[in-house]
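What follows is a single chain, given as structure tokens, in the form predicted on its own.
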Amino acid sequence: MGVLPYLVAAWIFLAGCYGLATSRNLIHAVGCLSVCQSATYVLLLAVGYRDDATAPVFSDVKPGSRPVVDPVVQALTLTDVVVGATVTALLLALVVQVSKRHGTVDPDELSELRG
């Protein structure tokens, strides 16, 4: 398989970080943060991939007779997707509350939040 999935995960992460650093809108920042987290999906699936492997279902043959993919990595990826969706929803709800209270979603105009 090589290093291609790892390079893709790094590229997705860096693209999300660039968008996060240059964002002038809180909604855009939340979207870029979720793009950063989607790089972990690619990374986890690349770690668990095996060439010529099948699903880990052992009802039809003896265990160990064929290569199977790691089901733990797939479960971690699904958990990561659920956590990512939850974090995105929570951050968007916070952005809505900031917008209601301050009337803007531009981080530079939120002077009351500065320390």
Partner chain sequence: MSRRVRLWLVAVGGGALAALLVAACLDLPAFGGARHPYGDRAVREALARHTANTVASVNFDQRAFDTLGEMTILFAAVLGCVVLLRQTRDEHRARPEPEPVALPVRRYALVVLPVALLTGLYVVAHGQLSPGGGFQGGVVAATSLHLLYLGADYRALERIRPVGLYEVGDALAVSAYLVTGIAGLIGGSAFLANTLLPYGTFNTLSSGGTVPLLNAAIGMEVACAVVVLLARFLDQAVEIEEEGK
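Positions refer to the first chain, counted from 1. As the structure is a prediction and not an experimental result, all values here were calculated from the model.
A second form of this protein, the form predicted in complex with the partner chain, is not displayed here; the remarks below concern that form.
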Quick check: do Ala46, Val72 and Ala75 each get a heavy atom within 4.5 Å of the partner chain in the predicted complex? yes
Look up in the predicted complex whether Thr86 has a non-hydrogen atom within 4.5 angstroms of the partner chain, and give yes or no. yes
Although the partner chain is absent from this view, report whether Val82 comes within 4.5 Å of it in the predicted complex, heavy atoms only. yes
Is there any non-hydrogen atom of His28 lying within 4.5 Å of the partner chain in the predicted complex? no
Quick one: is Thr104 in contact with the partner chain in the predicted complex, heavy atoms, 4.5 Å cut-off? no
Pull the contact list for 10-24: residues with a heavy atom within 4.5 Å of the partner chain in the predicted complex, in sequence order. Ala10, Phe13, Leu14, Tyr18, Ala21, Thr22, Arg24
